[in-house]
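To begin, one chain is listed below as structure tokens, in the form predicted on its own.
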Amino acid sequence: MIQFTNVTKHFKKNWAVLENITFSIDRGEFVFVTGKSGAGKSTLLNHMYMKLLPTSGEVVVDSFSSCLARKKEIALLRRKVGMIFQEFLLLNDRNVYENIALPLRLAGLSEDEIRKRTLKILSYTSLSHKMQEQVTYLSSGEKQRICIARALVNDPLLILADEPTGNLDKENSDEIISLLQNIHGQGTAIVMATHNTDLVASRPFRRIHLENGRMPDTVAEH
């Protein structure tokens, strides 16, 4: 489903944020991307939905190649990818329902279909009782569940989670990981970047480890 082949990314001439990265991720797999802050984890994820394109090498996601895809095709790819960010990036002037429904509105779905899908995801993420509340007043754990619901509402093939537990305490972190594991159990591929080694060590998923933009070892197994 995802294939990186000799991927290098330069932001400046002699500064390689990623260097000669090669790995593959199967459809429906759950993979952790680990490494310290600045190791290149976010840059790696940004290549997976082609917000960034490699300086050299190739990224293939589903049937989309970084070497061939045009802007219109990249837009189609992004409809198949759900994004979860550490910073939440929610609209504070809208309620929970509207934040989750936003990707469906941008995709041009009918109001009936938007309502049907949004209510289903609200129920799945245990947020139905919060649907009319403004997100400003919710806890960090609730905000992250909204982000997961928003990422899930388009029924994506792949969810990319960039440090989704970085702003959460252990209890909320465990709840978020459990929710992501449930989503993975339904067949959705998940790639999660984290620097939390304790969180990774206790879960039986494959790990891609980065150090200064490089993979010091081949893809490791837990």
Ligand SMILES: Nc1ncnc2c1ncn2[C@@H]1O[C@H](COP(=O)(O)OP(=O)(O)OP(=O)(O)O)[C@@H](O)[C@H]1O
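When you see a residue number, it is the position in the sequence shown, counting from 1. None of the values given here were measured: they were computed from a predicted structure.
Beyond the structure shown, there is the form predicted together with the named molecule, which is absent from this document and is the topic of what follows.
The named molecule in the model of the complex comes within 4.5 Å of a heavy atom belonging to G40. In the model of the complex, no heavy atom of H184 sits within 4.5 Å of the named molecule. H195 belongs to the set of residues with a heavy atom inside 4.5 Å of the named molecule in the model of the complex.
The closest heavy atom approach of K36 to the named molecule in the model of the complex falls within 4.5 Å. For the residues V200, V17, I25, I208, the 4.5 Å heavy atom test against the named molecule in the model of the complex is passed only by V17. Stretch-level contact check against the named molecule in the model of the complex with heavy atoms at 4.5 Å: of 175-183, 149-157, 65-73, 40-48, the positive one is 40-48. Scanning 142-165 for heavy atoms within 4.5 Å of the named molecule in the model of the complex gives just one residue, E163.
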